[in-house]
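Heads up, the chain below is alone and in the form predicted on its own; it's given as structure tokens.
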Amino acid sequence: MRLVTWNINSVRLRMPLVEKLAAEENPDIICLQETKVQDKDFPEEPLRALGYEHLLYRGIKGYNGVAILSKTPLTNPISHEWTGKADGRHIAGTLESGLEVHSLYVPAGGDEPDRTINDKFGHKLDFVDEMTDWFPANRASDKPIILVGDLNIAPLESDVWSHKKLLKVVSHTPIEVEKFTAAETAFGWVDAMRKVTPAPEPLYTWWSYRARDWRAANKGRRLDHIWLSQPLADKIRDVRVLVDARGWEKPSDHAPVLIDLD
């Protein structure tokens, strides 16, 4: 099975990029985040034309939004409202094999890493805290589960272009890393990307639009993740960041991440 996760930054605007991805990599499943479309306007027809007949999505108008596009049936759809907000950040479904797939979009958290002055940062911390509790309480870690998405935290020093310079920048602050690690550990998630490309090798999935030449500057962060439950840990064949997609015409600022599983 080949799965790709991608913060697409508007699925309708970047439909040509989804088509290019499908043609070049032929994934069985594509998980999207930041689809930026309410459910009634989700582009079902062009996605089905690409072979993704089975679609799950949850969106709101203009921002957020998640989706799972599959070539094979998906059952038991769920969409949890994290921190009590109906803001289109989670969708999940189960494949015929029994594998449960979650597409998740963690809040970015604003600019100031201080919840006393920045509600968005507080929301992000609460969201990750709930992840820590929700999966152990609602899912069995001995079942095949894959959680992918833009989790908006770069936990390791080699997940950012400069650990020292980003310690006070939202996405790499110590409190975010602490909570992220707690969520990962609580369910026994396997970090598939780092299983294939161990630290300290740099690994990035996001490059700011602000850089004139993002590739030359290479000021990246690993904000997109693939987590596997323990039964899938020895099923990994390959994991790749599709870096070139960041340079496609009118790109997302995130690159897709691909995993092949036996």
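Model, not experiment: these values are computed from the prediction. Position 1 is the first residue in the sequence shown; the rest follow in order.
Separately, the form predicted in complex with the DNA exists; it is not shown, and the next lines address it.
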Which of Arg215, Arg237, Lys61, Lys195 has a heavy atom within 4.5 Å of the DNA in the model of the complex? Lys61
Only hit among Trp82, Tyr105, Phe187, Phe180 for heavy atom within 4.5 Å of the DNA in the model of the complex is Tyr105
In the model of the complex, does Arg222 come within 4.5 Å of the DNA, counting heavy atoms only? no
Quick one: does Arg48 come within 4.5 Å of the DNA in the model of the complex, counting heavy atoms only? no
Any of the heavy atoms of Lys120 lying within 4.5 Å of the DNA in the model of the complex? yes
So, Lys20 and the DNA: in the model of the complex, are they within 4.5 Å at any heavy atom pair? no
Partner contact check in the model of the complex: of 195 to 203, 228 to 236, 62 to 70, 24 to 32, the stretch with a heavy atom within 4.5 Å of the DNA is 62 to 70
Heavy atoms within 4.5 Å of the DNA in the model of the complex is the criterion; list the residues of 1 to 39 that meet it. Asn9, Ser10, Arg12, Leu13, Arg14, Glu34, Lys36
